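Read the single chain below, which is given as structure tokens and is the form predicted on its own.
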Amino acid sequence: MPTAITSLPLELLSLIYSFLIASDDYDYSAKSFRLVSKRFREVDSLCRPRLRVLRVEFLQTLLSTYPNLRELDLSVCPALQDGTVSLVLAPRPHNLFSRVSYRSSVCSVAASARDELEHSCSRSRSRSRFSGLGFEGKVETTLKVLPRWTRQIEKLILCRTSGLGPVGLEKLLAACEGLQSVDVSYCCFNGDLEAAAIVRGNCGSLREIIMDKSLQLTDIGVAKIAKGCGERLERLSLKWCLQVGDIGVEILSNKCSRMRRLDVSGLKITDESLQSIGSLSKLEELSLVGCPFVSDTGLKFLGDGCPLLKVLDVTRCNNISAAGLGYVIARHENLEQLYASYCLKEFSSFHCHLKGLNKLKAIKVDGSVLSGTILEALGKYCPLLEEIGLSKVKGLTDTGLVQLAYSSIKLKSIDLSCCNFIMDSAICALAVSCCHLAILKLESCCAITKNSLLSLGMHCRSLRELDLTDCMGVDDEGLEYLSKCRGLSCLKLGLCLAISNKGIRSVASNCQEIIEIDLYRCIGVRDEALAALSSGCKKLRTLNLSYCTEVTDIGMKHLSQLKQLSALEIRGLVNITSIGLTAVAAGCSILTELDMKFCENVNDSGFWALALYSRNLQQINFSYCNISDVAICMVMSNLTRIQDAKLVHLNGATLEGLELALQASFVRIKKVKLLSALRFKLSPYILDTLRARGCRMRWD
């Protein structure tokens, strides 16, 4: 390594590292950074702000390596239990003879001792908070204090950690004294005990609590959170907490007067809850998705309160009308985002309520009935509009879209999925007028032809994401026009039967920033197209080739050159064999998701290659594949990061082999899908153990 790089000061290297933190590809960039040299690795260790742990056995080592973490994500770390928390929080005694020099070891321990002791003495909190954690005794030579990493943590992500109980949760939160945000969502068995544990563990600094789909949570648990956190709580998400009702929301509104973001989607609350929510003078974001008992009466309470409201989501609230929603809009001129999909059958009289929304930036009315008057009013009264969702809208015409396009010049994202009557004239108007357009979704817009792609290629140089799924009018000539959008990063061409190798070659040679491409059932795509993608799209991460039946092992060998490929779908590719799969496994070393359902010509040698080379795989689908007991056991035991496995109709595997494979992955598997006939044949020990470790069982 050149001396000039290795001798750079830590301040400069830290500044370079800060740019990596802000990038979209942070994990991959950080890994490349720390592999440069020991000095770069030291910077990564000191400056890394967040960590996502996959394997619980490395948790303690990783936390000691990265002491300055701000965010810790354990959502994909299976087998996280109360005992694991106790182990992670346990003091790590220094080994005086592990260093080269005894004297240097003593100095290191002494310095660490002074640091830990000063921190312990400077705490303003009472020692009783840590009762039961095992740290009550006086400081000895082994330094029984909290690990260093606990001081800096501000956000804990514990979603889907079903094995973590109230005791472990309380210990973990109590140790992180500066914690501001905790996410325990999608732990279906969480309830009032976990809510109480959160409050007892850390209510002094918490500002944000997310408990989505905590099915055992009731009004009692919400009351404990409200009383414990009080006015400090700024965000609470209770999405799909089905046992929470009006009483809990009322207590929450009374105790947490500074609440800024509240999500009560899916709750069986009534207008009484909206009356309580209306008293929250600081509320800025409110989500009411799928609240069936909310009506216009509740919206009136909301309209008369919440003066700072900026984001409102009433998607699938079937009992509200345009008049009720208009009442809220008329009294909230600062509204920036409005989501009202699949709730209003008629928007014809809604245009009169849009006059005051001059700050509106995003609106979604998917599944509604619109007229050209509404679109004209949006363009006229909402000059800052950047995002609009019109998926499955009835009554949408080219004339209305043209009017919207000419007046909404700042538009960046528009969803026109399943708008079957949209013609080229509307898309051309959007391309010409909306030069900042970045996201365009045209799924199942069957009337779109190459003329639309010509306009997009000529005018929309900022286009990043384009969905043309099931657009039968798209052909190779259209893709050639589209290839002028060189900044394109996501292209979906599923069910576009008219495209072939020529069109893919045009895109691959010009759009080198593509990271995702979907070619689902594009039967004209062959090995030559994959050769073009492998040579032109080196940044490709996600590729869907399902049911592209002309692809063979030669195409798989071309894909092996895509070193950044992380997700691959090859369902129904009957012409590939173990040779092609081996090439992909050996070449695509960071592959994390593989779906090879119905790949019937792959035998055990291909699966052995996966077990040997694809150590980063987290999701697999081997359904309807020919795999033996030995191969499935080898795969499930060697793939130490596996999280989700679909193992339906494994031709060649027996019940005993499947049981051994499941036992080999006990400590890491979180989701498994099996044949429904095996529900009563598998060993009860295996089923009970999987459930106890938080594994979600699905039956086909």
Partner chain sequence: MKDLKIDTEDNLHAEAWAKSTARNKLPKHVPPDHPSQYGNFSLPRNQQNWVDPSVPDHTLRPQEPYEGFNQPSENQSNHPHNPSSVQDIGLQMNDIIEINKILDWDPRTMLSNLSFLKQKIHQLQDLVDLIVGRRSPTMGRPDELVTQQQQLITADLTSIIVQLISTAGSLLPSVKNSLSAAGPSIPAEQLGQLGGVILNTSSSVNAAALPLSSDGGTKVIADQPNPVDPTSHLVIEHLDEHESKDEEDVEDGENLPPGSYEILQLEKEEILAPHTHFCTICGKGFKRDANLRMHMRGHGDEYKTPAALAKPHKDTGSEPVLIKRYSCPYVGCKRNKDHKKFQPLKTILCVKNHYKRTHCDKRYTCSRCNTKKFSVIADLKTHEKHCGKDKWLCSCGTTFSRKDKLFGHITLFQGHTPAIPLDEAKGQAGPSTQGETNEESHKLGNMNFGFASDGEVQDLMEDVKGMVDEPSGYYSPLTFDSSNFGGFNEFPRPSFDDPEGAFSFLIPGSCNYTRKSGGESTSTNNLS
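Just so you know, these numbers come straight off a predicted model, no measurement behind them. Positions refer to the first chain, counted from 1.
Same protein, other form: the form predicted together with the partner chain, not shown, and the subject of what follows.
Novice: By the heavy atom within 4.5 Å rule, which residue out of I153, L164, L146, V365 makes contact with the partner chain in the model of the complex?
Specialist: So the residue touching the partner chain in the model of the complex, by this definition, is L164.
Novice: Please tell me which of S295, N603, Q618, S205 lies within 4.5 Å of the partner chain in the model of the complex, judged by heavy atoms.
Specialist: After the contact test, the surviving option is S295.
Novice: Given the stretches 541-549, 438-446, 284-292, 473-481, which is the single one in contact with the partner chain in the model of the complex, using a heavy atom cutoff of 4.5 Å?
Specialist: Of the stretches listed, the one contacting the partner is 284-292.
Novice: Would W240 count as a contact of the partner chain in the model of the complex, using a 4.5 angstroms cut-off between non-hydrogen atoms?
Specialist: Yes - in the model of the complex, heavy atoms of W240 and the partner chain come within 4.5 Å of each other.
Novice: How about F189 - does it come within 4.5 Å of the partner chain in the model of the complex, if we only consider non-hydrogen atoms?
Specialist: It does: once the partner chain is placed as it appears in the model of the complex, F189 has a heavy atom within 4.5 Å of it.
Novice: Closest heavy atom of K345 to the partner chain in the model of the complex, within 4.5 Å or not?
Specialist: Yes - in the model of the complex, heavy atoms of K345 and the partner chain come within 4.5 Å of each other.
Novice: Does any heavy atom of Q216 come within 4.5 Å of a heavy atom of the partner chain in the model of the complex?
Specialist: The answer is yes: Q216 has a heavy atom within 4.5 Å of the partner chain.
Novice: Quick one: name the residues from 253-281 with any non-hydrogen atom within 4.5 angstroms of the partner chain in the model of the complex.
Specialist: Heavy-atom contacts to the partner chain in the model of the complex: N254, K255, G266, K268, T270, D271, E272.
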